[in-house]
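Just one chain follows, in the form predicted on its own, and it is written as structure tokens.
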Amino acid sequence: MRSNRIGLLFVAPFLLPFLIFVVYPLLRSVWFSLHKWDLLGTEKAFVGVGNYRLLAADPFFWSALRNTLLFTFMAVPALVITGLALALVLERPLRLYAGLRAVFFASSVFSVSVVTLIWQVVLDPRRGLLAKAVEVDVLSNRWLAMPAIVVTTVWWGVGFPMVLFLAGLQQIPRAVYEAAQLDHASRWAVLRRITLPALARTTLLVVVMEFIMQFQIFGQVLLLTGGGPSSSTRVLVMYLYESAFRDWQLGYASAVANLLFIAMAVASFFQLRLGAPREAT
């Protein structure tokens, strides 16, 4: 019992904030979702799963879910592939490559407001460099607005997966590459048979973390397109925000948040299960 108490004292600095700021809000959100709860607190009628039934019949919710899935399945592979490519190119121990690593990582420390301001200038139909090249208002085009948000997100967030892949590359023994060089293995063979298999666990970590982060996209959409044009970029977190702070439906917004949490948890679970090592039979 004494050792248990000592152990609890060691984990308390993490456990207490986790319970207060994660577990309690999560349980509170479940409680809100079971009520017709006005944001001002004037209406708190218990409706059970009524909010979830409304969600199932809400076309705006399904549209936001489709947009979120579309963005996630576009952004996550782009971030993983670009981050891996940058890590492979910039792994060399030279000052030039160290400077380039710092440059590519620097964008990830910017706030979302700074990033969207930069890309609003780039995509401005009157004076933006990219918009002038393609001669179209990208953010007002329902087919180009979402890819533009993906490009903005990749430019902003590619430094994080790059750093993780760099850490994974440094864990691969140099002797393995030296042996491959003695065997006159091509660069493609080294990449396919040595580097990528050795980075399998790192790749899984990057995919899971990027999926969780990109499934919660909000700031870029709010500041670049506001959900438009014609709701083609309205995503789940933006729909949650509008339900809670524009329509004042806290119970309904809590139901959206809980489904968002369940979707991320289930997807992460299956990704981790697929990446789990198989036992020899």
Partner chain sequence: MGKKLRPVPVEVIAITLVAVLWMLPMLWITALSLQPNRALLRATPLIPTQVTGENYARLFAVSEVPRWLLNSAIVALAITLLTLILSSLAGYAFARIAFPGRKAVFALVMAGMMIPEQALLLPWHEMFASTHLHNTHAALVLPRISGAFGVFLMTQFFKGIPREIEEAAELDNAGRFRTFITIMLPLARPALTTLGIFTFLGAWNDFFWPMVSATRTEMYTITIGLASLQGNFAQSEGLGFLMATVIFASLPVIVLYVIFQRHIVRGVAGGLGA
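Numbering follows the first chain given and starts at 1. None of the values given here were measured: they were computed from a predicted structure.
Heads up, the form predicted together with its partner chain isn't pictured, but that's what we're talking about next.
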- Message: Please determine whether each residue of 4, 128 and 253 possesses a non-hydrogen atom within 4.5 angstroms of its partner chain in the model of the complex.
- Response: yes
- Message: Counting any heavy atom within 4.5 Å as contact, can you tell me which stretch out of 140-148, 68-76, 174-182, 86-94 lines its partner chain in the model of the complex?
- Response: 86-94
- Query: Should residue 113 be classed as touching its partner chain in the model of the complex when contacts are defined as heavy atoms within 4.5 Å?
  - Reply: yes
- Should residue 56 be counted as a contact of its partner chain in the model of the complex, where contact means heavy atoms within 4.5 Å? no
- Look up in the model of the complex whether residue 64 has a non-hydrogen atom within 4.5 angstroms of its partner chain, and give yes or no. no
- Task: Look up in the model of the complex whether residue 167 has a non-hydrogen atom within 4.5 angstroms of its partner chain, and give yes or no.
- Result: yes
- Query: Given that its partner chain is left out here, which of 205, 136, 190, 198 has a heavy atom within 4.5 Å of it in the model of the complex?
  - Reply: 205
- Message: Heavy atom within 4.5 Å of its partner chain in the model of the complex: which residues of 50-80 meet that condition, in order?
- Response: none
